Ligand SMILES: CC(C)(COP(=O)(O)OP(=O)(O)OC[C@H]1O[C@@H](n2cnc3c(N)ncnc32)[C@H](O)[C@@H]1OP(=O)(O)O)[C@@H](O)C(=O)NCCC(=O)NCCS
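Just one chain follows, in the form predicted on its own, and it is written as structure tokens.
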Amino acid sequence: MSAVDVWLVDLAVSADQLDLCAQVLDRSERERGNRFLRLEDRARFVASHAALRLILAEARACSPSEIRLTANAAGKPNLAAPAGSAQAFNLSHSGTRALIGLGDSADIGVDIELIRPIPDAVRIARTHFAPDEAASLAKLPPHAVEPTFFGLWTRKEAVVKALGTGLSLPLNRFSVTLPPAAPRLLGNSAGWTLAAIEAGPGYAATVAVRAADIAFRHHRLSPDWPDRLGEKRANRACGPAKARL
């Protein structure tokens, strides 16, 4: 059975740690981060992308700044360097947490959402979700609508991100199960594995992999993870993926 590693990351870092995060990003990432008007959005972007680089670098035995990323036509990032065996990954962030999925080759998508007040959740669902999903959401008691909405949203976003097709697959073109049922793609579900990720109180998170019978290994970066970004890796060249941490 193939396995995918899923990392939960705390993005609440100090100002000094945020500086370390910024130092390992490439120019394109720094420019994207600077486009955010709100300081908290900029910090979340910088920290989450630095965490992704750390996880990729430790899987590839190199330094975070040596990672080179490209993107496909729909904007999904891919690993350009170091060269070697295929490396599938995906990143999502919300609130003060990030979710990162890392696999060997199968397409992977992750999504995490901070559960927050959304008074028009049913209206949004009727506009953007499949009719059966919106109808099921509308039948729920009021206290259950928001957590279910965000759980449903992460399931659908994870599938779209795994496909890597961007907006070319509207969310109303396919259905998934509603929480608290185990996540599953309805209809043409063969060749897919979905899993709910425990991200702590007030969060919903899902990972989707375009492959059957996938096992998931759960990790959490230690609170001091930004301090590892500056560690020297002397005499260690980037190479193919090594055993997971």
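Note that residue numbering begins at 1 and tracks the sequence as displayed. As the structure is a computational prediction, the values presented were derived from the model and not from experiment.
Just so it is clear, the following notes concern the form predicted together with the ligand, a form of the same protein that is not shown.
At 4.5 Å between heavy atoms, only one of the stretches 216-224, 177-185, 43-51, 60-68 reaches the ligand in the predicted complex; which one is it? Going through the listed ranges, the match is 43-51.
Check each of P77, P82, P147, G95 and return the one that places a heavy atom within 4.5 angstroms of the ligand in the predicted complex. None of the others qualify; the residue that does is P77.
Counting only heavy atoms and a 4.5 Å cut-off, does the ligand in the predicted complex sit next to every one of L91, K161 and T165? Looking in the predicted complex, the three residues L91, K161 and T165 all sit within 4.5 Å of the ligand (heavy atoms).
Residue-level question: is E133 within 4.5 Å of the ligand in the predicted complex, judged on heavy atoms? Output for E133 is no: heavy atoms all beyond 4.5 Å of the ligand.
Answer with yes or no whether D104 is in contact with the ligand in the predicted complex, where contact means some heavy atom within 4.5 Å. Outside the cut-off, so no.
Would you classify R32 as touching the ligand in the predicted complex, given a 4.5 Å non-hydrogen atom cut-off? Within the cut-off, so yes.
Along 111-148, which positions have a non-hydrogen atom within 4.5 Å of the ligand in the predicted complex? Residues within 4.5 Å: D111, E113.
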